[in-house]
Structure formats: structure tokens, C-alpha cells
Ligand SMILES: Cc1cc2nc3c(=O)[nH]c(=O)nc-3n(C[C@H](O)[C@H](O)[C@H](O)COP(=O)(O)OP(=O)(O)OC[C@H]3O[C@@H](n4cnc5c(N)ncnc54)[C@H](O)[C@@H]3O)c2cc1C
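In the block that follows, a single chain appears as C-alpha cells, in the form predicted on its own.
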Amino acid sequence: MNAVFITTFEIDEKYGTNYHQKFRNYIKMAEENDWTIDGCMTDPKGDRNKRPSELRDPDLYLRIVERRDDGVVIRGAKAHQTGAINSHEHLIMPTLTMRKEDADYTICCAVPADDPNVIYIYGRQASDLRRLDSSEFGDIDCGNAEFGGQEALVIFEDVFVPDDRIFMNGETDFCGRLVETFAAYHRQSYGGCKVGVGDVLVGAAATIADFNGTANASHIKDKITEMVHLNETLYSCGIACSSCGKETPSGNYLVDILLANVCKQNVTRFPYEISRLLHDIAGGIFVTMPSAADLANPETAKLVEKYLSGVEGVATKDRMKMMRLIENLVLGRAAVGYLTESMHGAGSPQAQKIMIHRLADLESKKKLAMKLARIDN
């Protein structure tokens, strides 16, 4: 919403359109109705070697298929849409910088999630069948049902969008601005959301060390300290790019784009090391552990409870529940959101490297080095 707020203001300044006021009206509706809004940017894309207008199937990027006096009709899809099923609205944006020939793909608009022409194809994730075991045999996986997320492929089959819900319509020269700004806010946010999950990993590591009787081992303390160090470094990056943000002419604040990309670049790396350390601390049992069905079966329950016990005073079932949480965090459904999303969410690592190189201002840094070396330039 911040990215669209800035971009609509700038489009209006150049072209005399009224996108910004329409978007402000939309924000007011969202606030009054307490809407959850799904930001839709990622298109399926198809052959990445080709521009949207060059593809054999033109629907692989969401596009305008009909323009009317009172609005447009759109067709296409948005992929990897976290939370789409439980959102009230979809805020659609172009996924990359467009050229003049791609004007039909340059659309930013809002669509109600319950529009009859919107189709949801629910995404599958690793270990998601654990929830079925949990419902039938107990609560070892109880966290999944209460806290589990979801993703969907959202398909827009000739959806009509009225004019008051259109915030960009063919202004290809502003696509780059919208995508870059959106990415900056998104990459900044990873200094919070992934760090929140990281806190759970640190907590799981410390708890399973208690349950295993290894909490006082110096190497375990060292590994947990390193997990905290890495996680708090990510948090520091998120704080830095936020606090160094500046007010824009539109009136809202934009994060420091360079530092936001540094934040996300670190997020593509540190969570993998945090997870590796948790693997080490937990031990191999978190991937070879019996299922909830074995605890529910009278013939095997006592054996499982006996041979999978940890320190005295901790129930075997509680130790198993913590192990299952760890599996979920680093291998299962939650890992899709933590590890895979750390890598690809808000753009892949190369996208951040491109922005970091573009914004690094190498010329000013070269001048500093030349001055100290007393080289005339």
C-alpha cells in the first residue's frame, strides 16, 4: 500500500491523472472495513527469456483483455500468494518493469477476494499431512492447525474492475518505480517477520537442549549464542533501513532502499545457518521419530514413551512435540515459509545484488580512496 501510495502520487504529477485520490479513498474503505489485503505482484511468467507481449500464451502475465468506459477486464494469475484464502481483497501490481509494447500488462488495481471469477488453487507443502495424523491420534502436531499458513495460485478469469479501483493503467514508465518501491518495503519487512520465526527456532533449540540434558554443554551454549547473533543481526538490518527512511513528496515514508536490500540479502543466508545449528542441537531423532499413531496405539505407546524419553521430569510426549515443531520449522510446512521464502520471497538473491550494486555509489567511495592515497582525480 505504501508503494502504490507513492507511485500513484508521482503518476498524477506527471500525467494529471486522479489515481492517488482514488487510492486514498480505497485506503479509507480498507480502514473502515478492517480488510486484510493480499498484495499480488508475482506472475507465473512462463519463458523468462521473453517479454510479456512476446509469449505464446499472453495470460502468463496478468493483463488487460478489455477496456471499457467504466473500467477494465483482466485475465491472468498471481503465484505464491500467502494468505490469499483468508484475505478480503487483492491489490494487484505489475511484476516487472514494462515497455510501451507491454502497456496491457501495466495494471494496478483492487479486486474483492470473493469475486466469482477469481479461482484459488491451494498450494501443497512438505509434511502438511501431519495435520491429519494430529486430528485422529492426538496433539503432537497441534500447532499446525492453529498457526499454519497457506499459499495459493490465484487465477483471474476475465474479472471486471471498475474505474474507481484502478490505480495504474498503461503508464509503463512507472512500473519500475512501483516494483522497486514495493520490493524495498517487502525486503525491509523480512528484518521482522523472519526474525520472529528465528526467535522460535532459538527457543526450540534451547528447549530441546533442556529436554535432552545438553543445555549446560559449552558447545551447545556456543551454538545457541551464534543463532541469537545471526537472528539479531537480521533484526538490526530491519531497524536500520526503517530508521534511515525519509519522507516522500506524497507524504508517507520510504525505507532506505540500499539498506533494505542488504537486509534481505542477509535473510537469504542467515536463516539457513540458524537452521543448520538447530539440526545439530536437536539430534537426528527429529527426522526419524515415530508418528502420533504410535503413541495412540496401546501396543507401542509404552515402548515409545520408554525409549524416546529425555531428562527426568519431562514427558516423552512433550519431547516428541518439540521435536515435531523443529521438524516443521526446518524441514516441513513452516520451513516453506521460513527457508524457501527467505531465499525467494521479495525477490531472489540476485535481485538484491543488482539493487545493492546499483545503489552502492561506488564513485564516491573511489574518491575517498583516491583522496587518502593522494591520487589526483
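All residue numbers are counted from 1 along the displayed sequence. Note that the coordinates shown come from a computational prediction; the quantities given were computed from them, not determined experimentally.
Another form exists, predicted in complex with the named molecule; not displayed. Remarks below refer to it.
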Heavy atoms within 4.5 Å of the named molecule in the predicted bound form: which of the stretches 66-74, 341-349, 28-36, 312-320 has them?
341-349
Taking 4.5 Å between heavy atoms as the contact cutoff, choose which of A79, V195, A183, V262 touches the named molecule in the predicted bound form.
A79
Given that the partner is absent here, does C40 sit within 4.5 Å of the named molecule in the predicted bound form, heavy atoms only?
yes
Might E89 be said to contact the named molecule in the predicted bound form, defining contact as any heavy atom within 4.5 Å?
no
Heavy atoms within 4.5 Å of the named molecule in the predicted bound form: does E151 have any?
yes
If we check the named molecule in the predicted bound form, which of the residues in 45-76 reach within 4.5 angstroms of it by a non-hydrogen atom?
K45, R48
